Ligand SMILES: NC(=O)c1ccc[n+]([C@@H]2O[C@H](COP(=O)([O-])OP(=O)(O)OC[C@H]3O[C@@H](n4cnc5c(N)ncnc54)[C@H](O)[C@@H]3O)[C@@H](O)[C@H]2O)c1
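Consider the single chain below, provided in structure tokens and representing the form predicted alone.
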Amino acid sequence: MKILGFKATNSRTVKAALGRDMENIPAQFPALFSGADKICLVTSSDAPPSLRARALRLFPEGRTPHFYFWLPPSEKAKTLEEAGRLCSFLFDNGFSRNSLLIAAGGGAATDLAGFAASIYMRGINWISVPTTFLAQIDAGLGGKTAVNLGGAKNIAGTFHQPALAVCDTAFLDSLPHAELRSGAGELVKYAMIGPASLREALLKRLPEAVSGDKTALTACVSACAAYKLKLVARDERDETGLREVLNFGHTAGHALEALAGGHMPHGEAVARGIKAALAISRQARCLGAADHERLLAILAMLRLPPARRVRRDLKRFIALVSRDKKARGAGNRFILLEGPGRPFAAENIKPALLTRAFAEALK
């Protein structure tokens, strides 16, 4: 097990445990659990028995009272109503400011549970246990919690760091190939925005990781988590621009998710959002032709399925990218590339470029 950590803005040390086949987390982090009067494990109602069994090996029941709360599957969980239902459950069962919430699942589960933990009694401790490839390398780390509003992703949210993030790659053993490929969309993001050493390490492992190789998956999770937590430690609340580069591919990606009506996995949407960002970067003459082709070749390694269920509604696409929370008051705001490992922010991309980007994202 590898332990990473950084000092959060509230001076609390945030830790991440990375590894495989970990057990009995309370015994390894006694200070976090000794003060908890009650513990609630939150996971999705469609979680397979293997996920629940592994979660119980990580967090075996002890003397502290344990409760269990089931969320609706996937993005259906990320609503204000569902956050209220979880908070009501905690209140009805006597949870206090000394209680502990444990979220085990994909990014939707950790987002929703983390958001509820941030508002219940103005904030209680929580532990993020991402169980998908995508969540372990990105969504389950960093302390951003949110729910969706009006079809737009992550509009109502908070910054509330988990006291601990536990990334156990044994959870990934039962994932189908399609989910590993989807998660690899975020991995490709790191390969394109990160330094050459990270890019080389990830691309070397990418084919094996997508095929389910356990060693490759553990190596990729550790490398991406270390890079993200390093950025978060320097810009925890996304105020200086350092952390913003993690949004590469997400502005168009979130719009595509909305246009697909929930039928496009987040990782695939990010990969297609990266296609859009690369198209804008090239058409704006920020990105050279050779680098553009090299980066597209990396995306081609994912073998994305046809985007059949995305509405070909350009007007709606442009409206969605303008409403994205990352726009910061501008007409739109994208993270683009000048080259591998050289991301930058650009605002008010013109409709002609957005039209081209939308077409490229759907190829």
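The first residue of the shown sequence is 1; numbering continues from there. Because the structure is predicted, anything quoted here is derived from the model rather than measured.
Another form, the form predicted in complex with the ligand, is not on view; read the next lines as being about it.
Chemist: Three residues, 160, 235 and 251; all within 4.5 Å of the ligand in the model of the complex via heavy atoms?
Modeler: So, no: the whole triplet misses the ligand.
Chemist: Based on heavy atom distances of 4.5 Å or less, which listed stretch (89-97, 278-286, 191-199, 134-142) is in contact with the ligand in the model of the complex?
Modeler: Among the listed stretches, the partner-contacting one is 134-142.
Chemist: Here the chain is shown alone; which of 217, 102, 271, 108 has a heavy atom within 4.5 Å of the ligand in the model of the complex?
Modeler: Comparing distances to the ligand in the model of the complex, the residue within 4.5 Å is 108.
Chemist: If you check in the model of the complex, is residue 85 within 4.5 Å of the ligand, heavy atoms only?
Modeler: No, residue 85 stays farther than 4.5 Å from the ligand in the model of the complex.
Chemist: Find out whether any non-hydrogen atom of residue 75 is located within 4.5 angstroms of the ligand in the model of the complex, and reply yes or no.
Modeler: Close contact exists here: in the model of the complex, residue 75 approaches the ligand to within 4.5 Å, heavy atoms only.
Chemist: Are any of the heavy atoms in residue 174 no more than 4.5 Å from a heavy atom of the ligand in the model of the complex?
Modeler: Yes.
Chemist: Looking in the model of the complex, any heavy atom of residue 292 within 4.5 Å of the ligand?
Modeler: So residue 292 does not count as contacting the ligand.
Chemist: What residues of 27-62, in sequence order, lie within 4.5 Å of the ligand in the model of the complex by heavy atom?
Modeler: Heavy-atom contacts within 4.5 Å come from 44, 46, 47, 48, 51.
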